[in-house]
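Next come structure tokens for two forms of one protein chain, structure 1 first, structure 2 second.
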Structure 1
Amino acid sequence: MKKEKKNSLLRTLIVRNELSAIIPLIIILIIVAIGNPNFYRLKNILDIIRTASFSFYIAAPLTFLLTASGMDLSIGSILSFGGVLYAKLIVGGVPVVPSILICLIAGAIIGFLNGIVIVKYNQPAFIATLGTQYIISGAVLVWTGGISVSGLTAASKVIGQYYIGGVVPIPIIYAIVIGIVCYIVLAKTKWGRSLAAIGGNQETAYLAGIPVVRRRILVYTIVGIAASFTGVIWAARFSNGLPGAGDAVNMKNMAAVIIGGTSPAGGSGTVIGTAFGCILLAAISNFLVFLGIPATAQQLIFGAILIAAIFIDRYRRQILSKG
């Protein structure tokens, strides 16, 4: 009887999408509290949330894409491109607002082209976006010579360095706004529910009158905009456009989305879970730095987390398929 209750509880915890990120986050916070009491200082907490915010800018729209059974491996290169482009425009004398708009348009074009190649020409998303990743990364390296673009004006840094009330970093505010909008769109609108239908079965969604092609292309476009926006805020935050700013972004964001409860197989997604997934990975990264674990080892750990999240999702889907 006890064993049945224990199995029932385990299944309940796994089936509830957001809990796959919330429970590990709580465990990490308890462990960290024992090992590093300074972890809970307000400044450190805000630093963790700010780090999570940069992931969330992309991870929230990426939740849309995975829900619709899509994939994008080019987000890291688009992030780098957006940051370098913003820095180049600012250094070249272009005002802040037009510079931001140009970067967003550039990200939209790249995302749109990804969508066209994948959806219109029926090419595998993995191959198409991996190709885009290499093309853009190579172009950025050729353009910059592998050297960061510095010399940003004080006005251009405000969007990444300003503190609300002198306490809350402005990147966190962007994340809150993006999170609210993405949550409402995915969970409360017909458009958002149609993405789950597309991810569940594209043919059935098409027969139900959903414009599958347009929706999928639009989601790839939105992801491109989000990645470029992240690059802009990153460049403003760190005062330079770094060609390698997007390195390792793909794995981290995919891990955050999947561990947050969005299925990589499509058909279901949760923006709230993605937010907790981003915070979880940021907290782990913060704690690993405290332990003195090098970045190379951190990549290994995040890779293991991603694989674990995929297996959890598979188990979750098996349970759901059995009712």
Structure 2
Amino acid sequence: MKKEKKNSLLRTLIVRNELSAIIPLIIILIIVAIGNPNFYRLKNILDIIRTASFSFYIAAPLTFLLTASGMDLSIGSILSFGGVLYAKLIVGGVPVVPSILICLIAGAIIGFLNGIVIVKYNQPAFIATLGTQYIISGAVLVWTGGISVSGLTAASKVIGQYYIGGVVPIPIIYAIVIGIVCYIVLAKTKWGRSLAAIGGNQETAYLAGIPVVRRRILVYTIVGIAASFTGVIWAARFSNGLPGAGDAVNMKNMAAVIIGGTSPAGGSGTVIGTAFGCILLAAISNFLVFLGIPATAQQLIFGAILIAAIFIDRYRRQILSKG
């Protein structure tokens, strides 16, 4: 009886897709506790979570997209565009709230156009969003000459620099709100579950009465909004609209989603797993520094941990399949 209970608890744990990110995270936390306990200082933990938050703003809706079997390589350029647009609007004298709204609308339009090209015209997402990436990056370069936009007002920076209670960086709060909303939408609503159905088999989903085209376009639109929002917060945090701010985020965000347990082939996704994926990626970089790993060797170990994470997931699935 006791053994049965233990087995059922183990199974309840193992069945969770999020484990592929949680297990390596726990291992890291144990190693760093031995190597350098300063890692556990509140400020450092909050810094890790803040770093993860910036990834999570995009990675959470990206979980929707991957669940619905989509892909978006233009998020980095939309991020840069959103930040530059925000900075330009603020420097041009537009108040903060309208500036944010304009940026979000711009992100929505780009995401919507991505959706139209991919879904309505049935173009491969990889190429279509790569094309968008070049177009938006190019437009930002033409617009700014590659030079960052500075001169943000104090009020416009509050949304990125404010600390709640003087301790918790405000970007973390946005991540929590986004996380809760995305979790509820994906896991608890019919709309969210329909994305898994679309990702599993579009034809079956269509025959089941799910408006596949509309939903997929909407998901691309949401990702566009999220990317632009991230750019806005980024610009506010660093007091600048940097034309290259999003250059390195595409792969990192996709990796966070997949490591978190969302299937890259579509059909299943978990926002909680994505949150842990983002935290894992932020924690790895952080912990390598805390352990005093030379900068030249950090990438090597970073890659090794990622590979270890996917093997842990493979092992977990093997156990599951054996029942």
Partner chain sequence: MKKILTILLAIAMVFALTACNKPAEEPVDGGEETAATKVWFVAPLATGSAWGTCGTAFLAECEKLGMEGKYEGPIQAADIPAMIDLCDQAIADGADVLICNWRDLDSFNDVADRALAAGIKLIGYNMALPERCPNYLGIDPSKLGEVQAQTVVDNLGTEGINVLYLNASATSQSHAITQKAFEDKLHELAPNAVITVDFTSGSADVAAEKVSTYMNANPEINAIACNCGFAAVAAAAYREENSLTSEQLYVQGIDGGADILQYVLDGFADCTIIQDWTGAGQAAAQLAQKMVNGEELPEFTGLGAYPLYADGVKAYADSQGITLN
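On a predicted model such as this, the values are computed, not experimentally measured, just so you know. Here, residue number means position along structure 1's sequence, counting from 1. C-alpha atoms forming the largest set that superposes within 1.5 Å between two forms make up the rigid core.
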query: Of the two forms shown alone, the one predicted alone; finding: 1
query: Core-aligned CA displacement of G35 at least 2 Å between structures 1 and 2; finding: yes
query: Large Cα shift (2 Å or above) at Q298 between structures 1 and 2, core-fitted; finding: yes
query: C-alpha of L288 off by 2 Å or more between structures 1 and 2 on rigid core; finding: yes
